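Two forms of a single protein chain come next, each set out by itself as structure tokens; they are called structure 1 and structure 2.
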Structure 1
């Protein structure tokens, strides 16, 4: 079922998709106009992107958005501005579709930004406000970001034994130099197709510095894999590409992330989907992704020095407990033990801590050993 929906959405032609988005958009505007002209309080329904409205589908092993929705009214002191912003960005999306162009999130922020006539108030205080409203718009219209003709900034790099076609250009990811291929924000089949793949698995690392270490050591050549990086919490483009490679090329995904609540949550998002974007889990989540490390036991196992310890803050501890309590973590004894072990350690560790052993310890010893021993968390 999941696949069907995905395909039905992605296989729509551009004009079909635009027609769908336009229909949704005009529907929203019509409803607002109707209530307004009837002297009532206009509102839009925004599905709630909250933990409470997120369920873990055990069968699919992904997060799903529930049915709860929030009504955003104009005549409510706390919601009036958001309501106005929603309408404003809605009209912005419409003009993008009309013009057949796409804008970055930042570009859209600027498009909607102006001073309200007769006041000193700006429509948006910062880009975060606009980004949040755009996510609301996605869920309330049931259209994906790319269907709104929007994209995020690039944040993610790939290199490895694979050749892809990006907007008609053939990209050989074996010949990307030291910088790698920048994964675009939109990785739908109409933009990116896979031409040739020899790699046997995907190693995803948390951030660019670690990725550079692996690339310089030609790890992907030696182990015949694809090496990706998502700049911390991977953006939708990276997740979408990984998911497609995992699905379409049948490549297992291994993650090398920091031993801290942040790293744990990155893994959780890649595997199950995020609370904020639960509605996109079916396109983004990789339920079979594995967590290679860093593990709490590595401090002893790898005989690391005291210098690599970074004390857990109050926030970290709370966050770790929060993560451990997520429904999709509660049943995983190994994960409960892992988080416990970290809390017992009282410190976190970054992937870079392995460099204290040797510059290439992580690429030459740590990851190969884990892979060989099939020593990972699921």
Structure 2
């Protein structure tokens, strides 16, 4: 009777995505068990999340993970701890799928945290160690973090002419006040559906401070758009939602980011995907996203004062050169000129620097003019 009850609960909680993830998990565990029973060294294969194992697909205009992988063995002193951590978190993920529940990355860290019996050794030194192993599990299983029933903290906001359904609740993003709608970590179709959208485009800004200016000035209302921010480099939830709105609602995405190597890198991640998570590019990257600004030429064409200049550090200069050498930027003459112009200026600028012109200059003049003139970088 108990067995039948368990099967009933499992059948209710396991979706098609869950079934696929469970199959991959059990397959990995079975391979380890078979190897152990054959008196051989158990191991797992973990795809390398490195630049060397990342290629740029020119046709799709996104980053893709290569086939290089690292073998993680139990009977290797340098790899044993990571091997056992991988098995431990894999077991934790299985228990989440069995229960039909989700857990935060922090929660998963604590779920697996304990002192190994007979030693003073803890399973994890800190959450960063746990998070890294979870990313290894993602690429090893070919399953996304959301499919492992894990979520990260909310780090993005949205407001604008769209109504969505979030876990069964209707959310009118036109009526979100000064705080906006907090974009969740998991934005898959079984969680979020789009009900009504009148917007013509999406404007994504780098920081909440800039987003607040646009929201207070009702930019999204005046220009019939959706306004989002990602707290710097947007987390997966924000990027996934943007990709879905771009694909499913056919909305162009424009990015208003700082004129510095970090702003350029954020755009690169949003457009092509990230090196560290290249296997996710197909669902996160937005190849058609446009860089609206702020630009190196804006110092002169907007007649900004010397006060807005932030001197480039040696690290900034090196980072800018690295970005310019990315395969997906090397053939873009406009981007080569942009990065070169910033380096020749010798300084970087934040979007907030436009406030020196007028408190609403960015919402009333800068962005409307850039959009009207189609003045952006691709």
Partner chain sequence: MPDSATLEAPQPTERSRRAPRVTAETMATKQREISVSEFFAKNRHLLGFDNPRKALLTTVKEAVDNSLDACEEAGILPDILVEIRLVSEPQAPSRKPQAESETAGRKAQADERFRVIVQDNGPGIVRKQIENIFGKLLYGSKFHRLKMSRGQQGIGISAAGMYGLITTGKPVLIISKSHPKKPAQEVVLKMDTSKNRADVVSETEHPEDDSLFPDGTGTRVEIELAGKYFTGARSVDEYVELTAIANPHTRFTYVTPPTSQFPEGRRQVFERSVDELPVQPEEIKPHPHGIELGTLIGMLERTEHGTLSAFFTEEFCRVGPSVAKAICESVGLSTRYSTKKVSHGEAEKLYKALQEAKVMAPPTNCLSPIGVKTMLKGLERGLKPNFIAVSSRPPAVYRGRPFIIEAGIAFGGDLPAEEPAQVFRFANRVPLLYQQSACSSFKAVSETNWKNYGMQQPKGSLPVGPMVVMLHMASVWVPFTSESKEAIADYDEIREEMELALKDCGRKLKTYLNRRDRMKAAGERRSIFLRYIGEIAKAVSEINGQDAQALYDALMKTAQRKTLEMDQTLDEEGKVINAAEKLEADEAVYVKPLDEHDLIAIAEEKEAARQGAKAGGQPTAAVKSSLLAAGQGISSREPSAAPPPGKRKRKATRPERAEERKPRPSAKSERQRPPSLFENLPPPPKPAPGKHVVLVRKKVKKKPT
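Positions refer to the first chain, counted from 1. This is a predicted model, so every value here is computed, not measured. Note that the rigid core is defined as the largest set of C-alphas that superpose within 1.5 Å between two forms.
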Please identify the form predicted alone: structure 1 or structure 2? 2
Could you check whether the CA atom of residue 193 moves 2 Å or more between the two structures, using the rigid core for the fit? no
Align on the rigid core first; then say whether the Cα of residue 78 has moved by at least 2 Å between the two structures. yes
